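Shown next as structure tokens: one chain only, the form predicted on its own.
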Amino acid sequence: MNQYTHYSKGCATCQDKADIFACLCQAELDQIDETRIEVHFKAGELIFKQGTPNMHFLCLTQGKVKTYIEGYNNKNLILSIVKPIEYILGPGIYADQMHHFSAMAIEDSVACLVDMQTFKKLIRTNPDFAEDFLRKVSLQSIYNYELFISLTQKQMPGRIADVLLYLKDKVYGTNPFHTTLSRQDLADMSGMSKESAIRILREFKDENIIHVSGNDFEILNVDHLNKISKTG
């Protein structure tokens, strides 16, 4: 069960806040502190569910979180892996105030939840804050376009290559890397069945493109994997 606590350390001195908050002055940071709470999530715990009201701006300070669309026939599509210090805020805040995807902790995680009305007030009154927020939303949209191209125009090896490169470059930032993602998660990131994802990983291993041991991955031939990604 998650634990809710008021965050004793103020935003002004916190080292674990998203860079978007650099645009805020002390008085604006104090507004956030008045309603902000810190929440602890266990690995595998649902943070919010698709179709529920969107009440908070969430900033992840520890752990990792997957965001995913709950599709038909119990099939999910993972949109991103969120790491510290990033935030999660869907497009519903200015449409229908609903979550249009779900979020789940894949590691023990800690997040700060900021009241949505406070966040919207800062958007209206601080142009630099609003512009930085729009920039981040735009970057996420660009990534989503690239994801859609990968899922709709690449063959299965190209999609798995994209997932492995994404994890190495964007999520863990190291090679080799250890992941808490399951094989089903890897399949949900690449838009294929678990069995197909396992088969492609085995083929990559047999061809000495990667080394896999449980949840430990090492890309042995980055150039070849990049080539697979580009050719699909």
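The shown structure was predicted, so the numbers you read here are calculated from the model rather than taken from an experiment. Numbers follow the displayed sequence, beginning with 1.
Missing here is the form predicted together with the DNA; even so, the following discussion is about that form.
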- [ ] Decide if the three candidate residues Lys83, Lys136 and Gln140 all line the DNA in the model of the complex, where lining means a heavy atom within 4.5 Å.
- [x] no
- [ ] Spot the stretch among 155 to 163, 85 to 93, 101 to 109, 126 to 134 with residues whose non-hydrogen atoms come within 4.5 Å of the DNA in the model of the complex.
- [x] 155 to 163
TODO: Would you please decide whether Val171 lies within 4.5 angstroms of the DNA in the model of the complex, comparing each non-hydrogen atom pair?
DONE: no
Open item on the list: Given that the DNA is not shown alongside this chain, does Lys42 nevertheless sit within 4.5 Å of it in the model of the complex, heavy atom to heavy atom?
Closed with: no
Open item on the list: Taking the DNA as it sits in the model of the complex, is Ile198 in contact with it (heavy atom to heavy atom, 4.5 Å or less)?
Closed with: yes
Open item on the list: Although the partner isn't part of this model, could you tell me whether Gly63 comes within 4.5 Å of the DNA in the model of the complex, counting any heavy atom of the residue?
Closed with: no
- [ ] Select from 178 to 207 the residues with a non-hydrogen atom within 4.5 Å of the DNA in the model of the complex and write them out in sequence order.
- [x] Ser182, Arg183, Gln184, Gly191, Met192, Ser193, Lys194, Glu195, Ser196, Ile198, Arg199, Arg202
